[in-house]
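Next up is one chain by itself, shown in structure tokens, the form predicted on its own.
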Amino acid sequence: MNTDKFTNVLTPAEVLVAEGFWKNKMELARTKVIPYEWEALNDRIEGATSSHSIMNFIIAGELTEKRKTGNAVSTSDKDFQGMVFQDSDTAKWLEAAANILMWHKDNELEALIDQVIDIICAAQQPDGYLNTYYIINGLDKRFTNLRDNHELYCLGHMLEAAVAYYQATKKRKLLDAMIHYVELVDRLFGPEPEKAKGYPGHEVIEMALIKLYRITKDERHVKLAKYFIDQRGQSPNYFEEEAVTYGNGTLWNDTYFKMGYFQAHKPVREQDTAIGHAVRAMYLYCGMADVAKETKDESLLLACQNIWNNITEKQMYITGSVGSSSTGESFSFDYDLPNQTAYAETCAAIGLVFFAQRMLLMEPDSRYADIMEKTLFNGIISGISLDGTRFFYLNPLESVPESCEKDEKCQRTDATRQKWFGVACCPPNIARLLSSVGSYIYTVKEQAVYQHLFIGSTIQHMINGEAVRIETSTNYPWDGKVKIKIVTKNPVEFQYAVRIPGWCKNYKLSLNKETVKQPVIEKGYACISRTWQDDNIIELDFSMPVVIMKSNSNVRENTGKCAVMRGPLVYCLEEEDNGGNLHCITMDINGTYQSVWEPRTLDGVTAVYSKGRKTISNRNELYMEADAEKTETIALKWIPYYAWANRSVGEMAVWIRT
């Protein structure tokens, strides 16, 4: 493996997002989402599904104290409530809050986090174990159902939170508690003959262990992550043996998934197709990429590349969403991308961004950054309302409210965002993504900087022995102008590589006001290698016309339909602007499409206007001759897909008949 390509990620603390679209989203996370979700975790949102996550930790702490002091634990003690993975909601909220502290000092928030950590750590067992489901329901059953009961998943998320809080504050209480828990897991599981051969049913601990390793430099953490990756899908299959030993039932063995639901149907290096539960899959692929990078494992990298290609070329929506089937919240099969029944879980899209970033760290290639950008702008932020207090679990590309209410196959799809969910993985996951957006803009190495995203931001970094500040200013995604300023006290030689988006067919690149006529392009990046002086300026101007898109003809759902994109944004029609019966509308792919900035629409968007035709149904017959109904020309208004369902309840469609 060519390690010369490797770059390193910057933490949210190292990147100041200063202006524009994503700064607004980060401030939304800080001022609205984090406070709202704290109330939800404490069951204080009127009309919302209860979380009980914080209460579970409080109850577990009380039981732990009783056990430590020798007091009897009676059946009258309070019960665990919620899903077996309820701890993870608090963990993701903690990580999001810690991310915010990296770029915004907030003594009140820090004090609240410390209180939460005290509550969590009070529940920890003497040997390090910390999972409220088993602490409350019976410690004798712990680690008896790795396949279904999410202990290692919850540990992984809490470990990620601990790492983030340590990076933000250098406080170690939660970090040390999680290291203690990891030591227990390391004693129990591994390749050694005396250890169990288990691995998580729901992945995430693998990439969490690599995050921990990058702080501790303890090789045991890489070794444990690698073990979980290597052991998955080996024969004899641990989950099948576990089910027999503990009587856990078959679960997905009676479906076509079988162990593929858990990505445990065969060893990971033999997998080349995304399969099973989409979030589990994405987290596994992230862990594989992390381990590949740290251990320089070519076979793991190849598996990651093959799976990436399958996802993005055959199983991904135009919005960057993945996981099309409600059966198992899963990948189904190549080119199966239904619109109205799309599962497209918000967490799965977030997992795809995690995966893209990890692939970029090993191989700076714009195909990864293109998907990362597409998913950030479309498949993820569609999952949260513009005011930060309502959420989509699923992100369909077509919505008919009456179908959501009355059609069984559409009933898991909401026409409106919800206050909270019984399975509330998505809201805190969005929070931790929004609060860390800065870490996705750049990757760096000793003598090179790669810019993947165009976000108004500033970084200060040591490059080739010199302190260099890089300032980006832009109004992206509403226009394609980007200005990058290099600030350095002394001249410094390095390569600056800036991504040319795959959606962009025409652009201008200039250096210090002089046009770069034939820039060196390496895997989608314009690379400028030179000795940089103070106040050197790179300017880009990406042409951003409206583009009409079609699917591969193998996507049956979209036959005879097209979609609208402008820059990185996917657009849709809403009933609010275009009336009902969107299925009766046809678009003119050769027509004129006009982009108009509308500051008062949906917190400020560039809307797109065009002409189309709509069939007018004024007949009573259910069936009639082909020319019986008439059409009329209508004006169409397209809005960014991420902003739908923020006004009145109504229909929405991305793909429109031509």
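Please read all numbers here as calculations on a predicted model, not as lab measurements. We number the residues from 1 along the sequence you see.
In what follows, reference is made to the form predicted together with a further copy of the same chain, a form of this protein that is not presented.
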property: Contact test in the predicted bound form: residue 45 vs a further copy of the same chain, heavy atoms, 4.5 Å; result: no
property: a further copy of the same chain contact in the predicted bound form: residue 482, any heavy atom under 4.5 Å; result: no
property: Contact label in the predicted bound form: residue 201 to a further copy of the same chain, heavy atom within 4.5 Å; result: no
property: Partner contact for residue 338 in the predicted bound form: a further copy of the same chain, 4.5 angstroms, heavy atom; result: yes
property: Site check 256, 583 and 622: each within 4.5 Å of a further copy of the same chain in the predicted bound form by heavy atom; result: yes
property: Stretch from 88-96, 352-360, 520-528, 316-324 whose residues place a heavy atom within 4.5 Å of a further copy of the same chain in the predicted bound form; result: 316-324
property: The unique member of 163, 415, 562, 300 whose heavy atoms fall within 4.5 Å of a further copy of the same chain in the predicted bound form; result: 562
property: The unique member of 243, 549, 423, 500 whose heavy atoms fall within 4.5 Å of a further copy of the same chain in the predicted bound form; result: 549
property: Heavy atom contacts to a further copy of the same chain in the predicted bound form at 4.5 Å, residues of 636-658 in sequence order; result: 651, 655, 657
